Structures are given as C-alpha cells and as structure tokens.
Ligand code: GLU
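Here we start with a single chain on its own, the form predicted alone, put down as structure tokens.
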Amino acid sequence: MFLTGAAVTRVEEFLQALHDRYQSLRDGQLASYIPELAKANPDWLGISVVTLDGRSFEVGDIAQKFTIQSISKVFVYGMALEDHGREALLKKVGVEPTGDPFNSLIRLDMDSKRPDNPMINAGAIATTSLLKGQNPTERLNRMLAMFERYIGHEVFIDVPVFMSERATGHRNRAMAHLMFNFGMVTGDVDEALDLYFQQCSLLVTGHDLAVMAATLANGGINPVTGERALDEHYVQDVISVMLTCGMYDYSGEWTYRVGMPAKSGVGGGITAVVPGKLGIGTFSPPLDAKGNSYRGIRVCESLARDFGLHLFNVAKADRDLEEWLTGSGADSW
C-alpha cells in the first residue's frame, strides 16, 4: 500500500498523540520475579506500525532494546510446526485457552497430561523441547536464524537475563520435569529448559516486534526483506492461537475489546497482527495484574477502536484504515 507524504504525516501525528496520551500513566508494576527485568525504566513507551509495503511509522522509545520473553513462544511454535507438522504437534501441545495464569501447572496433572496451548509456559517449554537439532548448539543456532528471518537482522541473547531466568526458574523446571514424566517432553530436560530461557532472553525493539507481526500479517514473508520466515500453511495456526491464547488469562477480554491476534511478554512488549494489512509493536515495561503491558494494552485498544482494526469489524476496518493511511477521511481522531 503506497502512502503519500500527507498520509505519512497523518499516521505519525496520530501515533504521537497516542504516545502523549498514555506516556504519563503510572499504573502497573515492573516484572520482579526475574530480577534483571526490575531494572527497566518504567517511563519507556514506544509504538511502531509496519505496513505490508515495508514502511514504518513509530514514536517514542522504539529503538530501546529489551528481552522478548513470552512473545518468543509465537515464533518458536511456528518453527515446531514446520519441524513436525500440525497433527504431530497437537499430540504434545493443545490449542485451548486455559483461563489460568501463564505459569500455572495445576492442569498438567489432569486429563490428557498435555499442556493446553503453546502460549503458556508449560506449552512453550514442551514446544521448545521439540525443535530439531543434533545438539544444543545446533538447536540454538536454528532458532536464532529463524528469529533473524522474522526481524531482518542479526539477533543476540541478553546473557544476564538468561542467567537470571536460569537461576530463578524453579517453577518452570518443575513443569518440565512433570511433563517429562508424562512423555510430553523428551530428551534432556535441562537442555530444553536452557533453550527456553535463551529464547525468552532474546533482545528486540518495539520496531522489531512490529516487523515480526507484519511478517505474519503478510503470510509469513518479511515485508522489509522479502524473505520467507514461516511456511504459509502454518501462518493461520500461529495467528489463531495468538488470538485465543496470546494475552495470558486476559485473552478473552482482549479478543472482545481489541480483536487482533497478539502476544505479550513480561519484558513489556506486545506484538499484534492485522492480517493482510499491518503489524503493530508496542513497548512499555509496567505490567498489569495479568502480566501484560499496561500502556501497551491502552495503545492497542485505541488503534482497534479508532480505525476498526478488530478482526470481526471487517467493513469498518477497510474504510477507516484506508482513510487513515491516505488522509482522505475526516480528522475525527
């Protein structure tokens, strides 16, 4: 979608207005159960939008690096789908919302013994353990290469955060061993956990999250580099689980209010997909009680409401988004 100079100014002005409106909010708390995350500046706020023609519109602390945390689960799930296929993966990890906190292990000892979905910690650990590779180094390098295809540049692990997660991740360790007992995790449990902690410790920016979302919105092809990051046959699987399970135990209300497939992380990021149109990335470290970025949710709510980006508001989305991007509509925003 080609944007004129006037449209570019319109988008940038709207995003700046959003930034100004929400940056002063002081609700939410920094994640503290991972000690390194508590060092973040609570005033950071970045907003990025990337369209399918590769253009970026962004304001605020959009270049600030932070760790991807649970947002990584989305993309590792896509990689596991490519490695094993839909039906084989479903035998190990389900796709049902839980309504439970992201780090709950209560339901692991019930019924199927299978984690409910890949967006909670238990399901993500099981998914990560399935990645193919002859040894830990090969699996890590394959995973990093996958993230680089989505982001479009080289990526790195934040070693202090990785070590912090590894030293304090006792609950995740308990989940992994329980799933090993049930046969949902195979191989070396500690190696699987290390890879999981490493994927969560990947350094990204708000701009990166918008490019990653735009890649999914573009059928798995990075709109900036033109490189395919995910087999087109699995894009619908990934964004479906994002919509139903991606925002922890706020996922139902998120779908009702915002209606964009999305994933949050306790590092303060949110990546949101508007299929066939664009990707959104927000970054603000203070979290609400569910573990989602407090300001990030408000930004996404405003974008969905003002421009009809809710997945099930098709007619309004087509009209309002086109007006926003071309500058042809009334300046009601």
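Because the structure is predicted, anything quoted here is derived from the model rather than measured. From 1 onward, residues are counted along the sequence shown.
Absent from the display: the form predicted in complex with this ligand. The rest refers to it.
Out of the listed residues G265, G279, G46, P285, G265 is the one that sits within 4.5 Å of this ligand in the model of the complex by at least one heavy atom. When this ligand is considered in the model of the complex, only one residue from N172, S129, N222, S164 comes within 4.5 Å through any heavy atom, namely N172. For the candidate spot formed by Y33, Y196 and Y248, every residue has a non-hydrogen atom within 4.5 angstroms of this ligand in the model of the complex. For the chain shown alone, N121 is a contact residue for this ligand in the model of the complex, at least one non-hydrogen atom being within 4.5 angstroms. Contact annotation for S293: none of its heavy atoms lies within 4.5 Å of this ligand in the model of the complex. Among residues of the shown chain, V211 is not one whose heavy atoms approach this ligand to within 4.5 Å in the model of the complex.
Proximity of T51 to this ligand in the model of the complex falls outside the 4.5 Å heavy atom cutoff. Judged by heavy atoms within 4.5 Å of this ligand in the model of the complex, the contact stretch among the candidates 52-60, 65-73, 303-311, 271-279 is 65-73.
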